[in-house]
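As a starting point, one isolated chain is supplied in structure tokens, in the form predicted on its own.
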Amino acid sequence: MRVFSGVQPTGALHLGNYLGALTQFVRLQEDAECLFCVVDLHALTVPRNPVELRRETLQVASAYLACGIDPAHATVFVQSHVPEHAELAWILGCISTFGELGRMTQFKDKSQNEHNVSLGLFAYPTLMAADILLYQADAVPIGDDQKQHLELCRDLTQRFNARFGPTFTLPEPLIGQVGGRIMSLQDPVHKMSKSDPDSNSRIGLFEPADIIRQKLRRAVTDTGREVRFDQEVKPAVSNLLEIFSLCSGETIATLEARYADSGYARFKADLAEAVIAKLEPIQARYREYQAAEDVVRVTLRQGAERAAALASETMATVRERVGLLGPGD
């Protein structure tokens, strides 16, 4: 099985990125052929400081490695280092419709109250589809907020294959039963997000222990004192239980039994220590990679070479299928 996924270099990575995506990446690399990309072209859909973008691209790559992605088992690379991503996105854009792209929920959310919405933001899903199809990925680990984009990718796959002949593998989503969507610490109806203006809504992957304790003390809870998993009635506590389970390795049922009537203060204090213990070794490795930036750059260069070999093979077929004249024709 071949797996593709990517993370945008936009702002500091947080606990939701780790529990919802990166831990799954690490597990998958043992059993599948994996390509994990820093999707820097996606980051250009909104205005970005060029210096910050370059720095954050290296930071995400370092985070991949610090979290346990092994370049000996997975291909780690930067999206813009393989130009075929943009080329295939254009071709897929030519078989996408204005209506289906305009119906994308994330586009509606991000463009709301904006007067100057970029074409890149509108066409974001076609670039995501190109990322996946370029490598003939069988499966894509995603959060459930990306399901609509993957459905569009599947529609474009079937449309292209029907129009031009069998070309692309039809990708399947991989969404974890637990951790697929870690929610905001301040508003558990919404996903934990790098773009949330309230920094207390998320725990940064590389934040110090005292800040983590402070943020979890301030995390919202639900009415009553009972620590119980019920996403409808107690969404805030359910989110905290999910985080606790993923960081400690204990089942939610075990945690419910331990903290059922203890009140929220003790529960959140112990949760903070579980999160800190989970992140400490990752933070230590991250500091090592930050001090050895050349190692990260070599990893990205070697990863881009492997990715480009796969991408060029796919694009040669795509160009022939759609009727583009090759230099040797």
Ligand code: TYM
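Worth saying up front: this structure is predicted, and the values here are computed from it rather than measured. Note that residue numbering begins at 1 and tracks the sequence as displayed.
Omitted here: the form predicted in complex with the ligand. The next part is about that form.
Proximity to the ligand in the model of the complex holds for all of 6, 42 and 124, with the criterion being a heavy atom within 4.5 Å. Between the ligand and the residues 142, 88, 156, 216, the one pair within 4.5 Å by heavy atoms in the model of the complex involves 142. Residue 132 is the only one of 237, 76, 132, 203 with a heavy atom lying within 4.5 Å of the ligand in the model of the complex. Within 4.5 Å of some heavy atom of the ligand in the model of the complex lies at least one heavy atom of residue 21.
Residue contact check for residue 246: none of its heavy atoms lie within 4.5 Å of the ligand in the model of the complex.
Contact check for residue 225: every heavy atom lies farther than 4.5 Å from the ligand in the model of the complex. Though the partner is left out of this view, residue 152 does not reach within 4.5 Å of the ligand in the model of the complex, counting heavy atoms only. Only one of 94 to 102, 132 to 140, 206 to 214, 226 to 234 lies within 4.5 Å of the ligand in the model of the complex by heavy atoms, and it is 132 to 140.
Annotation for 181 to 199: interface residues with the ligand in the model of the complex are 181, 182, 191, 192, 194 [heavy atom within 4.5 Å].
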